[in-house]
Structures are given as C-alpha cells and as structure tokens.
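Single chain ahead, by itself, as structure tokens, in the form predicted on its own.
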C-alpha cells in the first residue's frame, strides 16, 4: 500500500518579481505555495515552491477535480 501523507495546511501568496540579475524589467507575477504534510507517524514536513499564474490556475483546476472525485467516495 502506498502512503503519501495527509495535507494538513496550504498557504499561498501572490508576488511580483520586478527584476533579476539578468533582466532589469522582469515584471512577472507568481504564486508562492507552502504545503504542510503529515506522514503516517504524524511527523509534519513543509514543502514550498513557486508557480507562474498559468501553472497555479492549472493546479487549482486539478485540485478542484480531485476534490470532486473524493466527494463521490
């Protein structure tokens, strides 16, 4: 049996990258996510990552589909 843990908390924030070392005028919005996941022993780990707005919208659609499937179980 595969155990992937349980999502305990999800926090997100919208940010804007305005410049970088290689680009003076970046102006790129992004979403930062922080996931807290409990393993089978109850140990909580955190994972953070950033996504573009398009990636976040796709992530949201997939999460919404998963929630709909779980409601039927």
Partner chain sequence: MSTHYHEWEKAPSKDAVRQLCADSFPSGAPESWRLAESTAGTLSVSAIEAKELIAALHTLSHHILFHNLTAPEQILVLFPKSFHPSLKNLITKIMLEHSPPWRNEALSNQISLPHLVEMDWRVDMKTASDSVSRMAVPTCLVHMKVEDSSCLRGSGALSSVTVELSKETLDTMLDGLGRIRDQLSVVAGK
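Positions refer to the first chain, counted from 1. Just so it is clear, the model here is predicted, and its values are computed rather than measured.
From this point on, the text means the form predicted together with its partner chain, which you will not see here.
Asker: Taking any heavy atom pair closer than or equal to 4.5 Å as contact, tell me whether residue 26 reaches its partner chain in the model of the complex.
Answerer: Contact with its partner chain, yes.
Asker: Report whether the minimum heavy atom distance between residue 44 and its partner chain in the model of the complex is within 4.5 Å.
Answerer: Residue 44 lies outside the contact set for its partner chain.
Asker: Relative to its partner chain in the model of the complex, which residues of 17-45 have a heavy atom no more than 4.5 Å away?
Answerer: 17, 20, 21, 22, 23, 24, 25, 26, 28, 31, 32, 33, 35, 37, in sequence order.
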